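Shown here is one chain on its own, the form predicted alone, set out as structure tokens.
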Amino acid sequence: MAEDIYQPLDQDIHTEPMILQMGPSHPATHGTVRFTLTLDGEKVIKCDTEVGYLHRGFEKECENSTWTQVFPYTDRLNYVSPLLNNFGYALAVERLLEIEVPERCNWIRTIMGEISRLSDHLTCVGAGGLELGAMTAFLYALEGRELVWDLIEEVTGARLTVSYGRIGGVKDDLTEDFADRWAYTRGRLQEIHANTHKLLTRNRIFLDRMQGTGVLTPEMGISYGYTGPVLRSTGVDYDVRKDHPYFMYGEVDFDVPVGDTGDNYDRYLVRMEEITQSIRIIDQCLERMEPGPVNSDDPRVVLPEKEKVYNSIEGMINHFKIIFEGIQVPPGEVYSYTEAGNGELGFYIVSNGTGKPWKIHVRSPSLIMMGGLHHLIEGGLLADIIPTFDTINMIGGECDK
């Protein structure tokens, strides 16, 4: 009888795994994402990931619009770096049309694309720091993003949903004082970058939360189709700008930062270094670009000047047909890809020869990375989900199909 009294206590403890729903009404799951977690204490045994329902019907909306009317929809994919979406789509249609844009246009697309990349990385680093308790780092990053958005607003007229890209060019040239404004912004961005390093990179709490968590192997990343900073953090040196140059990326000198462990800390470091490389690219572009036209002179795709529209029958007809019928893209199909903030952004488009796309499919990096997220979470702790999900940098608009 005495032996029964001293039986091990764990025999009476309930040890069945607990099922926990994390999100979508969780501040770290970005509004729609839900994790169905199977927990053993605080250890995640299993994670079922649902991207949720943020559905605007991107592809079908595009297929019921003219080729030009698609641009506002691309803004709303990764809405933190919409210019990269604009230019990626424009390049795809231009390849189907087999037209070349002027050299200055390519310089501008490179500059504005890198400015948009700065916005993306500053948001990711700042918001990731905030969710680990680093409020000051978040405020620094947001100041940097505001400065970047001020530049974008000056050129495009909008801060977020810019609709600046055009098939055959861009909406407008850079403003006359753009170089001077960039010089000021550049200096402040470098100060913010240095301060963020001081606050986070050797911070004991930040290191403990980031190092060794959310580990991704190169083989797993390639298997799931990962690209961008997440794949490069594993040591895979793949960047579309380097490996398949477009615009003026083949004309400028920059490095592709890579990690070696593929954990959350490496993903943070890769993005921090990419901020430095983007500044470097913009500097070279502004130094080397020459005056010239920013739009193609192909009358099939570019609207005529207002003077010609109002004073010549040819200009009026040309304007009318492009607006009402859309650009007539020859029948065919193309897959075109660029390096967006989170990795390879691809557009597969099919034309049947009319003014509207017959098919548009977008290979959005955020949706691709959500497919393997459970592997990064399982085996870790419940608290590790926060930095892991942050460094993946899922943008809900890109998960829309």
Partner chain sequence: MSKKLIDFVAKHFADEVLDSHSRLGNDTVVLKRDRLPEIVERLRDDESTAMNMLRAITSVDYLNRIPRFEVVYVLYSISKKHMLTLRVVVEEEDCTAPSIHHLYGAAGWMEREVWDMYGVEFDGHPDLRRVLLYEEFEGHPLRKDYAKQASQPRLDLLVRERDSVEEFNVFYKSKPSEGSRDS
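Fair warning: this is a prediction, and the values are worked out from it, not measured in the lab. Positions refer to the first chain, counted from 1.
There is another form of the same protein, the form predicted together with the partner chain; it is not shown, and what comes next is about it.
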Exercise. Only one of 109 to 117, 91 to 99, 313 to 321, 139 to 147 gets a heavy atom within 4.5 Å of the partner chain in the model of the complex; which is it?
Worked result: 91 to 99
Problem set entry | Contact assignment for the partner chain in the model of the complex, among 250, 187, 291, 331, heavy atom within 4.5 Å | 331
Exercise. Wondering, does residue 227 line up within 4.5 Å of the partner chain in the model of the complex on heavy atoms?
Worked result: yes
Exercise. Would residue 244 count as a contact of the partner chain in the model of the complex, using a 4.5 angstroms cut-off between non-hydrogen atoms?
Worked result: yes
Exercise. Any chance residue 59 has a heavy atom within 4.5 Å of the partner chain in the model of the complex?
Worked result: yes
For this session: Tell me, yes or no, whether residue 48 is in contact with the partner chain in the model of the complex, where a contact means a heavy atom of each within 4.5 Å.
Result: yes
Exercise. For the spot marked by 63, 236 and 400, is every residue within 4.5 Å of the partner chain in the model of the complex through some heavy atom?
Worked result: yes
Exercise. Can you name the residues of 358 to 387 that have a non-hydrogen atom within 4.5 angstroms of the partner chain in the model of the complex?
Worked result: 358, 359, 361, 363, 367, 368, 370, 371
